[in-house]
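The chain below stands alone and is given as structure tokens, in the form predicted alone.
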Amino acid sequence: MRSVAARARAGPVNLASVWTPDSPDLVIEGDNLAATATLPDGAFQLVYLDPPFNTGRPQRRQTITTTRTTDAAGPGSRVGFKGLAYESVKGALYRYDDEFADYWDFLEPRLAEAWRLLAGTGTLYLHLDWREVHYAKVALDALFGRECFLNEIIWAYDYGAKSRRKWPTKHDTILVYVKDPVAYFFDSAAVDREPYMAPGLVTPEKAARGKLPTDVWWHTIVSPTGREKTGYATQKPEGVLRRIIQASSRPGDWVLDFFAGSGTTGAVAASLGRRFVLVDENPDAVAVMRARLPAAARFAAIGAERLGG
């Protein structure tokens, strides 16, 4: 395996000279929307998005739109997913609190780009918390189609402060959408099994084999003193990404992570024989990935107009 770190600073960049399906694995430093704009349609079997959670930081107030299908293109509409026309409409969803507007203006086009980049048998995993996940479900139903919704995965953990004024929040939600509700790839046999919670209620053979995970995943966070710890604040555990990659990709498939952070997706993908493209605009994240993925031997700077050495 060989990785390339690329820098995308201004506008869409042409990655044709850097990435093809036969290229080495790729790490891109830069804005993910600009960096992915010239990647080919349908290039990725699996797309994982773990965007920054909308935690209440100051937002600029503006109008946000969502999409719905229309019978034919008209004023204010565009031809988009599945060859249908989409009309920009003001979503009542966004009228509840304008603080969310800026966040969704940022995230929604990246979800649309994920749809474009998914292969016909591909799957999107969107990792959020309670602040935005319900909005995301509505947005993804519009972008992908409700029939393409596969699962809501609850990742439950028990770590951190304990609130005494409400039920302590101890889970994230991962929404799972497929490009094609009939032809998508899912391999439950490849997923690592887990212990039965009541092994005495099943046969010894079943207890020894373990059970397939359900849509509720009990998995600890990355231990502050564990071997996985990189020091990156929002690092996700390898066990969570391992299940995702095992189930929804095959050896040799390409995996894309829009918000790569500490590089967990790449580390797990490489260990499972998958190929990866990782994107992050934070130089600190890229530095962590360089240390974590030691085979990243070649680095290139990509400007708006040319590829530098």
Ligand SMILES: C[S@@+](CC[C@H](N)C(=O)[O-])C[C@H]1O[C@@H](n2cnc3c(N)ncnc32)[C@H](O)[C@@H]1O
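Numbers for residues come from their place in the sequence shown, where the first is 1. Keep in mind that what you see is a predicted model, and the values were worked out from it rather than measured.
Another form exists, predicted together with the named molecule; not displayed. Remarks below refer to it.
- Query: Is there a heavy atom of residue 258 no more than 4.5 Å from a heavy atom of the named molecule in the predicted complex?
  - Reply: Close contact exists here: in the predicted complex, residue 258 approaches the named molecule to within 4.5 Å, heavy atoms only.
- Task: Considering only heavy atoms, tell me if residue 232 and the named molecule come within 4.5 Å of each other in the predicted complex.
- Result: Yes, contact at 4.5 Å.
- Message: So, residue 51 and the named molecule: in the predicted complex, are they within 4.5 Å at any heavy atom pair?
- Response: Output for residue 51 is yes: heavy atoms within 4.5 Å of the named molecule.
- Item | 4.5 Å heavy atom contact, residue 186 to the named molecule in the predicted complex | Output for residue 186 is no: heavy atoms all beyond 4.5 Å of the named molecule.
- Task: Kindly indicate whether 45, 217 and 250 are, all three, within 4.5 angstroms of the named molecule in the predicted complex, using heavy atoms.
- Result: The answer is no: none of the three residues contacts the partner (heavy atom, 4.5 Å cut-off).
- Message: Just to be sure I understand the contacts: of 116, 170, 110, 206, which is the one whose heavy atoms reach within 4.5 angstroms of the named molecule in the predicted complex?
- Response: Looking at 116, 170, 110, 206 one by one, just 110 meets the 4.5 Å heavy-atom criterion.
- Scan 106, 196, 149, 157 and let me know which has any heavy atom within 4.5 Å of the named molecule in the predicted complex. The residue in contact is 106.
- Task: With the named molecule left out here, work out from 37-45, 268-276, 24-32, 242-250 which stretch has heavy atoms within 4.5 Å of it in the predicted complex.
- Result: This holds for exactly one stretch, 24-32.
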